[in-house]
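Single chain ahead, by itself, as structure tokens, in the form predicted alone.
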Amino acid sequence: MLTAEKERGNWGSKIGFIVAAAGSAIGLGNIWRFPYVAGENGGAAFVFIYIIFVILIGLPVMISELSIGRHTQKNPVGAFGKIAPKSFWKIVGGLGVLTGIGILSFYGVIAGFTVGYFIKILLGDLSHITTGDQANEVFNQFTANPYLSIGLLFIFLFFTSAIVMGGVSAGIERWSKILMPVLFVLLIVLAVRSVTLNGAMKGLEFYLKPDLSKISIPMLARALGQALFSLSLGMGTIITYGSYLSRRENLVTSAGAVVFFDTLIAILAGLVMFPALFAMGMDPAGGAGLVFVVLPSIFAKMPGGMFFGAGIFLLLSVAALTSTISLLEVPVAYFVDERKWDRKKATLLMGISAFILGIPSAISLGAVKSFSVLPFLDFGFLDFMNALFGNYSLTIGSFLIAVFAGYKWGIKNVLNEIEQDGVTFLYKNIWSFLIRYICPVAIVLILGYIIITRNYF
């Protein structure tokens, strides 16, 4: 019989935590979502604002989540319940668990598509595509096949569950140490190939030379929303990962390392996408279909396009897997901690639940009409899940965590957790000001923008 501590697990090293937490943050949000959102919002100007928000909003909230997790050594529900017993804050932890499983259900669908496209490229099924219309037709046919979409979702969640079932150190940490270097090497190779294409300089200028006149309220909102989504904040993942940290680890440098690598990967993803798009004369504002519709139409025109395309979708698959692992770990940790289930049982139940919940999303992109356009809404089930969990729930969670750290648990207690074993937090006054005044206000403004405009990210 395993002891509670062994069943729950701990990171084997600080490096193990950093690659796992960075893997949680680094995913489709960086490599699929970040480039198309940047392309739609002015390129370099968006990147500039995004980096500011990551530093001023994302980093302080991440430090807070890690502090809550390590102090309590529990999942989000248990963490809030331990610090603020017999209060509504436990519900906030429950929101994090639900958000994790909700995002996993539709995120797994998109992740499955990346695997499907990787296979299609290897089989030569995209070699005939030379125009955007042809690429769009292929994608529509691909997503209209319910058996294929559901099958790919199952495959992706199967591998995710297998890794999570292995535990924190032997499963998540070990595989993160393998997957993250592979991800980084793939990005470097693809970025070098992209920036050396003829005509790539125009893409680099669009991406790296800010035109601050393009800054607008919608762009500010999307930059902050992207920062929260990309860093996995507000959904309990960082609290859960923080709960496996040793008391000896420096929380601030750990958070800084995760934020640095997450941002670096996003920037590199842009270096892959934009030079290639401009080199082939394509529109950088390609929207959500940038990867699945726009890029396939340039592979046939690009020297070595098949290898470039296969590399991109392999990259997306690896990035997605590092994120789905963390999304599944949140509800698994809840059942291990609070319900005293063994890890295998918890993983199987949550993996099956995510799969069942993900089926409507898998068939909502053309396979089943009733799920493609929901009653009283102008979008389908997958977009509904993204709005509910990827926008509202995640943003509300981030806001409440900032309030909890700044006011309920309090600055003094958070700093006591950070400054253990002789650790000195040099920027504690700046962090205190940001988490109490700047972060809550900025996040509630983005929430108000979402509610009023229904402009989802």
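Heads up: residue numbers just count along the shown sequence, starting at 1. Just so it is clear, the model here is predicted, and its values are computed rather than measured.
There is also a form predicted together with ligand PFF; it is not shown, and the following applies to it.
Remark: none of the three candidate residues (Gly108, Ser161 and Thr347) comes within 4.5 Å of ligand PFF in the predicted complex, counting heavy atoms only. When you look in the predicted complex, the only residue of Ala79, Ala333, Met235, Ala362 with a non-hydrogen atom within 4.5 Å of ligand PFF is Met235. Proximity to ligand PFF in the predicted complex, defined as a heavy atom within 4.5 Å, singles out one entry of Leu327, Ala354, Val92, Leu277, which is Leu327. Contact between Ile103 and ligand PFF in the predicted complex is found at the 4.5 Å heavy atom cutoff. Looking at Val403, you'd find every heavy atom of it more than 4.5 angstroms from ligand PFF in the predicted complex. In the predicted complex, no heavy atom of Phe113 sits within 4.5 Å of ligand PFF. Interface residue remark: Gly58 is not counted as part of the site for ligand PFF in the predicted complex, having no heavy atom within 4.5 Å. Stretch-level contact check against ligand PFF in the predicted complex with heavy atoms at 4.5 Å: of 416 to 424, 41 to 49, 23 to 31, 403 to 411, the positive one is 23 to 31.
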